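In structure tokens, one chain follows: the form predicted on its own.
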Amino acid sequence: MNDSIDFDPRNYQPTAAALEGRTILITGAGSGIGRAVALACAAARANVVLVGRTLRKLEAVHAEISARDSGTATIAQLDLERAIAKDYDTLAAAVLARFGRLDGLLHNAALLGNLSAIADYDVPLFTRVMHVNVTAAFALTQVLLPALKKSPDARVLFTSSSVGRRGRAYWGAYAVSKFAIEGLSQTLAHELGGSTKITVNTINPGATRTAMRRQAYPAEDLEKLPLPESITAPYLALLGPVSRGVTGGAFDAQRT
């Protein structure tokens, strides 16, 4: 059953044990929204697998989680731009060996690339952005599907963007990659909906105080934007039991 039309994750208020017993893997967990969601998932008693390319940042998040009365954290360093097949396989095998299943997968890591016209866009950069934002997300999902299928109630959540739902001039590879993510999510949701308990959705975080936002809007006053910590509840809703049966949807983390 698809209840995505009537479901609004922005209304969700997570309890202290909202994700207890669940194992959630988060890419780009070292900073920004990924870090904030990782901390929020751990606070809700989830076991969090922190995936990112910079070990120092992952270790810092791990230390924050370990210092709190919360769920556990495990570091899985992975550079999505340079990883090869065996790196993905190693990660998937480690998740199964450690936890026996995977209950949630949040694709948060992404490259912005350049903001320029399609006519002038650098082809190698376009390829890099598409690889990290789309191909790596596809590959990671594929190798983790066996672990997700072992869960009685699993979630896959892709990070989208407003420019991935309606095209906007000069957003180049980033916008194209987010349109692709919407298509990947819908395709996967349709494939899994009739045969598994895995739900698949996208979430658009909206304007948030992050390094990527500063890169995209260097003249903007970031102090006027919400912190990543303030938008985590919708993520927990879409990664947790409250969104059971909700699949194939495209959601926003903020009200406009």
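Residue numbers run from 1 along the displayed sequence. Keep in mind it's a predicted model, so treat the numbers as computed, not measured.
Same protein, other form: the form predicted together with a small molecule, not shown, and the subject of what follows.
Identify, from the list I33, A40, V200, L50, the residue with a heavy atom within 4.5 Å of the small molecule in the predicted complex. It is I33 that has a heavy atom within 4.5 Å of the partner.
Among the candidates L105, V132, V95, L140, the residue which, in the predicted complex, approaches the small molecule to within 4.5 Å (heavy atoms): Only one option qualifies, and that one is V132.
Is the gap between D122 and the small molecule in the predicted complex 4.5 Å or less for some heavy atom pair? Because no heavy atom of D122 falls inside 4.5 Å of the small molecule in the predicted complex, the answer is no.
Looking at the partner-bound form in the predicted complex, is T187 within 4.5 Å of the small molecule by any heavy atom? T187 lies outside the contact set for the small molecule.
Using heavy atoms and a 4.5 Å limit, would one call L91 a contact residue for the small molecule in the predicted complex? Output for L91 is no: heavy atoms all beyond 4.5 Å of the small molecule.
Is E81 part of the interface with the small molecule in the predicted complex - any heavy atom within 4.5 Å? Close contact exists here: in the predicted complex, E81 approaches the small molecule to within 4.5 Å, heavy atoms only.
Do heavy atoms from each of G28, A109 and S161 fall within 4.5 Å of the small molecule in the predicted complex? Yes, all three are in contact.
Interface segment, criterion being heavy atoms within 4.5 Å of the small molecule in the predicted complex, picked from 63-71, 204-212, 187-195, 42-50: It is 204-212 that comes within 4.5 Å of the partner.
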